[in-house]
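Single chain ahead, by itself, as structure tokens, in the form predicted alone.
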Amino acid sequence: MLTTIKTSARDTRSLGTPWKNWSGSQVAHPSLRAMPSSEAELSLLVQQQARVRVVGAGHSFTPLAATDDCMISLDRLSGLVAHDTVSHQAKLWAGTRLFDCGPLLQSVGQALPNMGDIDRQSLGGVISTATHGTGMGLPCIAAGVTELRLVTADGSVLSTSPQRDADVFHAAAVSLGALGVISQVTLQNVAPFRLRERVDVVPLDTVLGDLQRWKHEHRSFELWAFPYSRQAIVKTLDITDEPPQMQKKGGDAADGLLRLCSELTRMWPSLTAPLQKLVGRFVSPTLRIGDSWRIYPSERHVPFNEMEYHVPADVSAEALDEACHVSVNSRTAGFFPIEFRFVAGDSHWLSPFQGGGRASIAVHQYYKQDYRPLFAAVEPILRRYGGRPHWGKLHTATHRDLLHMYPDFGRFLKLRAELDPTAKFLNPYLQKIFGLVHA
């Protein structure tokens, strides 16, 4: 049965029940909230509404899901639909959360090839924004999609694959929810595997000077750079047959320490450098071995806001180094590190990784602090190195900027207009970056 909550935008505000994203930086007052429990209900709902946006877990920092019209949650469209034991392909509902994908797929002898370090998101949201993990040979999760079911503006269901209609498929896979509502996703998976995770604190200059070795020596490589102390927390992941060794992460203690340091630097900015220099004492080397879906994700309970750009891999060390120096020179207080990951290329039109592998550089700021000064200082550096923004992370790229950054941006906009001539799936934010309204 379709569950809806209908109010006027004014009533929603007065009741104090606005929709907010994870960090609280995006707020909306939808006049209708709906949670369909079948694809047929979803199709009817889309057909009846003039404006529609879909919300997943709310982990995007940009206002992608924000709307004062109809907001649809796919939480009831969750779970495994079908699977093929020979090809290791599985069809799942788009509302399935990543933390459910691991055990669901393992039960049928499959596993996602890669995951990010957060597993709260919905599958549809992860795909639509080209969300990724790390590994020079591992693309974003959307690159593993082999087929999509898309509820289009008139309520009809379009099934698309590279064989059926390559243009529609490569546009729809990473589409920001602008072509329709993804209802089901078929993924190319692999057999279940174990990962060996190693975490160490290493001097940042040592890592940067030997980045090529780190990149090729490990299946997955990730670092968190602390600009003021020139130290880095380095995490490597490799496939192993070793028995499980689930060393406790101490998540509560780590979160408490992160929150404390963030509060201290917020109130007393001069403590930023001294506290970052203590990272080597805060973090001890750890080793964990276990099922891939258990090892990939990390607990993230301290809210933050984030900006992430993807730069060409061959200039990534220089870009990260300069971003660290600019962060320090800007004198913007903040304890959170700068995150660095490698991602393989793919062929989806709006994927930041279209055309070849890139390195992702992400800047974070504690949610109680104004992120704009820090992001404004670092963003020009990442843009100058040829960076493309993550669609779910904060950025200031304009319509004109995006036309230059993404080779197929114009093709996408033309196809979007054909599939959705009344702009049913666009909110004010998408209208702006798609050039339909002036900024």
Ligand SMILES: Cc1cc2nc3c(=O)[nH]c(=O)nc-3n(C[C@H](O)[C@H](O)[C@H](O)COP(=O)(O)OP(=O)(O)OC[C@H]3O[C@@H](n4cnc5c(N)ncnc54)[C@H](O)[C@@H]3O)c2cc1C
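The shown structure was predicted, so the numbers you read here are calculated from the model rather than taken from an experiment. Numbers follow the displayed sequence, beginning with 1.
The protein also exists as the form predicted in complex with this ligand; that form is not presented, and the subsequent description refers to it.
When this ligand is considered in the predicted complex, Arg198 lies well away from it, no heavy atom lying within 4.5 Å. Heavy atoms of Arg300 reach within 4.5 Å of this ligand in the predicted complex, making it an interface residue. Of the heavy atoms in Val145, none are within 4.5 Å of this ligand in the predicted complex. Residue contact check for Gly334: none of its heavy atoms lie within 4.5 Å of this ligand in the predicted complex. The listed set Pro113, Gly116, Pro139, Gly290 contains one residue whose heavy atoms approach this ligand in the predicted complex to within 4.5 Å, identified as Gly116. None of Leu74, Leu237, Ala225, Leu92 but one reaches within 4.5 angstroms of this ligand in the predicted complex through a heavy atom, and that residue is Leu74.
Heavy atoms within 4.5 Å of this ligand in the predicted complex belong, among the stretches 369 to 377, 399 to 407, 60 to 68, 27 to 35, to residues of 60 to 68.
Contact here is defined as any heavy atom lying within 4.5 Å of this ligand in the predicted complex, and by that definition each of Gly125, Gly180 and Phe304 is a contact residue. Contacts between 19 to 43 and this ligand, taken as any heavy atom within 4.5 Å in the predicted complex, involve only Trp22.
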